[in-house]
Ligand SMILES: Cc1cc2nc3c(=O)[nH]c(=O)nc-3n(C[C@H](O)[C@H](O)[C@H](O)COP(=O)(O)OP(=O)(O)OC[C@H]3O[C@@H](n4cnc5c(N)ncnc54)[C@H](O)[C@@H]3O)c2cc1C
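First, one chain by itself in structure tokens, the form predicted on its own.
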Amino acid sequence: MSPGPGGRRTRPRSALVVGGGVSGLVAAHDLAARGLRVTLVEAEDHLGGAVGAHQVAGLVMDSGAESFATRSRAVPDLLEELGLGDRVVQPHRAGSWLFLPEGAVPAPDSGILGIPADPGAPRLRTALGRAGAARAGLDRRLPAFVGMTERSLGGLVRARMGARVLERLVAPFTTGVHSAHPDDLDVDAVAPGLRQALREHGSLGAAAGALRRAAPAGSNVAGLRGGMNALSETLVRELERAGVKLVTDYDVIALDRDPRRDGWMVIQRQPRRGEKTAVARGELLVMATDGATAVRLLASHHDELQRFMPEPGPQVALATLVVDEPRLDGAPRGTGLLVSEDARGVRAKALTHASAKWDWVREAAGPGRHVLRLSYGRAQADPAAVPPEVALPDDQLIRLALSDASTLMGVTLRPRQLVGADIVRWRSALPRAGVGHARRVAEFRGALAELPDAAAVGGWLAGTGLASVVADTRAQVRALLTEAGVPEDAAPSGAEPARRTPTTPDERTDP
């Protein structure tokens, strides 16, 4: 910001948010709450990003995130602010399963990330075997410092509990959730507080159990009745009510400083509909795009940022099947399964039995009707490569999903039982939190601090999951406002009527 009279810095009155995923919506919400005039631009024709909805067989289901981690108050606090606190629901306690080379076995029902609090639990005997359980049991007798210098999740688990726990319990979890092997994941990024808990409790199992018990909901995850898509939809309504200008179909081609207002401005790629090229401005800037876009645009103002260009995240596809099959009423595989990379005959990396996991889905589906959600897209040796299953046309992927669901659930599902199906595809929806992630993020933000009045947020910095993204976004926006001299008690002033362009009669806020 430019100095005001007498050399004092003038307080900013406007902000520009680039990106309309959940991080961009949260950033715009917090900026508007502090009294700034906010403009948000989004390249797609919808808002919400990976927190959206789609309709399958008459059911409105989440098209991306379907739950949030309960390890912190970040998401629950936001939901309370938005009036959604009474819609928070817990998953059914049927437990999840693993699909290993020998078939389906129960997964750990304690701990986190597949790390068992008690590796000697009877339900894990098949997965670990006698030798694997004995090796894992050494964790309680090893000094707490063993494995403490390991930076990857895989290195820590291997040092404390051995290879059997790593490959048969933890790896199916991380490849299913993060599309990455534990050796490729930064332990502090994917399991915040785990190493500190190890210091306090003396063993990895005890640490994992303590983090599980500390979850406010008493469960690793929670959701919203009706789906997590309600979060993005409610944020959009609140932003419209606050007078935030929401602009979709706005593909940013350039980022520049505004010489007239000493702020930021972005220029739109030539619109498809013949309109003139549009410019959006703000005195403060929040980049809430994917990592590649953020680095490309910001590096034009600071060359050092170019070295932080992230590798592309894996492309994933979600196949949602609605089937009529009363034999699934008993939830034969609990709330779903995570699939080992070593398993044969199945190409999916995970299956969620949504109508067994969430009571609201079961009630909406009705008796004998079930919703199965299969995830495809394991990490490839070439990060830019498209996983072969994801490359399949929709109709072929649906047939593959029906076959995989039959194998995983242990119940033959035939095409005539398929009531409806849909495929949702995501590019770079699961950014990699590789070893050294926290250090690289700190270095990136240190370099970004040399640019005036700018911040960057999103999953590529915060890590996978709503809890991480929401907490990081709100912290970065608070820091940006503090640096700019915006007082915490600043009240919204003169909110303009909601403006959203372009608008069509059937436009929705979800994908």
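Note that residue numbering begins at 1 and tracks the sequence as displayed. Please read all numbers here as calculations on a predicted model, not as lab measurements.
One more form of this protein, predicted together with the ligand, exists but is not displayed; see below.
Asks: Name the residue from Ser406, Gln268, Gln90, Thr293 that puts a heavy atom within 4.5 Å of the ligand in the model of the complex.
Replies: Exactly one residue meets the criterion: Thr293.
Asks: I need to confirm a contact call. Of Ala32, Val477, Met61, Ala65, which residue comes within 4.5 Å of the ligand in the model of the complex, counting heavy atoms only?
Replies: None of the others qualify; the residue that does is Ala65.
Asks: Do heavy atoms from each of Glu42, Tyr250 and Trp426 fall within 4.5 Å of the ligand in the model of the complex?
Replies: Yes.
Asks: Work out which of the listed stretches, 455-463, 439-447, 53-61, 477-485, brings a heavy atom within 4.5 angstroms of the ligand in the model of the complex.
Replies: Checking each option against the 4.5 Å cut-off leaves 455-463.
Asks: State yes or no: in the model of the complex, is some non-hydrogen atom of Ser355 no more than 4.5 angstroms from a non-hydrogen atom of the ligand?
Replies: Result no; Ser355 lies far from the ligand in the model of the complex.
Asks: Taking any heavy atom pair closer than or equal to 4.5 Å as contact, tell me whether Val469 reaches the ligand in the model of the complex.
Replies: Yes, Val469 lies within 4.5 Å of the ligand in the model of the complex.
Asks: Does Val18 reach the ligand in the model of the complex if we count a contact as any heavy atom within 4.5 Å?
Replies: The answer is yes: Val18 has a heavy atom within 4.5 Å of the ligand.
Asks: My question is simply whether Ala207 lines the interface with the ligand in the model of the complex - judged by any non-hydrogen atom within 4.5 Å.
Replies: So Ala207 does not count as contacting the ligand.
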